[in-house]
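Given next, in structure tokens, is a single chain: the form predicted on its own.
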């Protein structure tokens, strides 16, 4: 097991968004968090990577335990150094090229020299289908699908122990989304550990080993992906999946 969170609570402006959520991710697994909008999926992901502070809850990551409400800045930095995060809207530096976006964390966080960082960045961009000729392009010169591939390259360049994806295809049209799903499937097949928030059932089916269904801040059902989609146990999940097929 690489990641385990227990009893996570989070309230925004008097509304309890997470009501004691627990989950775990084994090394090499891909776990998808699905459910309706407002279920708490993205909030949970952001709490796990300390982009938000949970009101309570514990996390064990890579053998070390953390209080998710009382975590020191140094501890947060240690966790983030060992993880990658892919945002819904790419979050690339607009004033840096694709290559420079991938190099940034390698140089600033990992303290690699620029030549080594450049070599890693070129190799990682190539892995996700960004050619050398595109590496010098700025985000404004790239399509949404290309920008998301650069964001994925940035997240995986440092060889993290787990990568978090927050709705990686929701800002893309179906054709570009299919490109990103293909890359994520490749990474899954290579054994990369991933925790994915998605509204795309195609993505969840394609890459997941496990699926967790959240609704109103509570885990309703979890299980093996094949069984989850073919034979969901809970009526709420069956209703949700039936609407997705319409």
Partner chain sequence: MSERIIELVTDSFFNILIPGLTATIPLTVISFAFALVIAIAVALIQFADVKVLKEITRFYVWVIRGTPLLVQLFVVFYGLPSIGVLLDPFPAAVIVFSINEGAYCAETIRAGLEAVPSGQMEAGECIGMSYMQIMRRILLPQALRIAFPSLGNSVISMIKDTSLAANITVTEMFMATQRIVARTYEPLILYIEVGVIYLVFCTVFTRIERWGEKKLGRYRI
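Positions refer to the first chain, counted from 1. No experiment lies behind these values; they were computed from the predicted model shown.
Below: the form predicted in complex with the partner chain, not depicted.
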{"query": "The partner chain contact at residue 145 in the predicted bound form, heavy atom, 4.5 Å", "finding": "no"}
{"query": "Partner proximity in the predicted bound form: residue 122 to the partner chain, non-hydrogen atom cutoff 4.5 Å", "finding": "no"}
{"query": "Heavy atom of residue 149 within 4.5 Å of the partner chain in the predicted bound form", "finding": "no"}
{"query": "Proximity of residue 129 to the partner chain in the predicted bound form, heavy atoms at 4.5 Å", "finding": "no"}
{"query": "Interface residue in the predicted bound form among 206, 200, 49, 42, criterion: non-hydrogen atom within 4.5 angstroms of the partner chain", "finding": "49"}
{"query": "Contacts with the partner chain in the predicted bound form - residues in 183-213 whose heavy atoms fall within 4.5 Å", "finding": "none"}
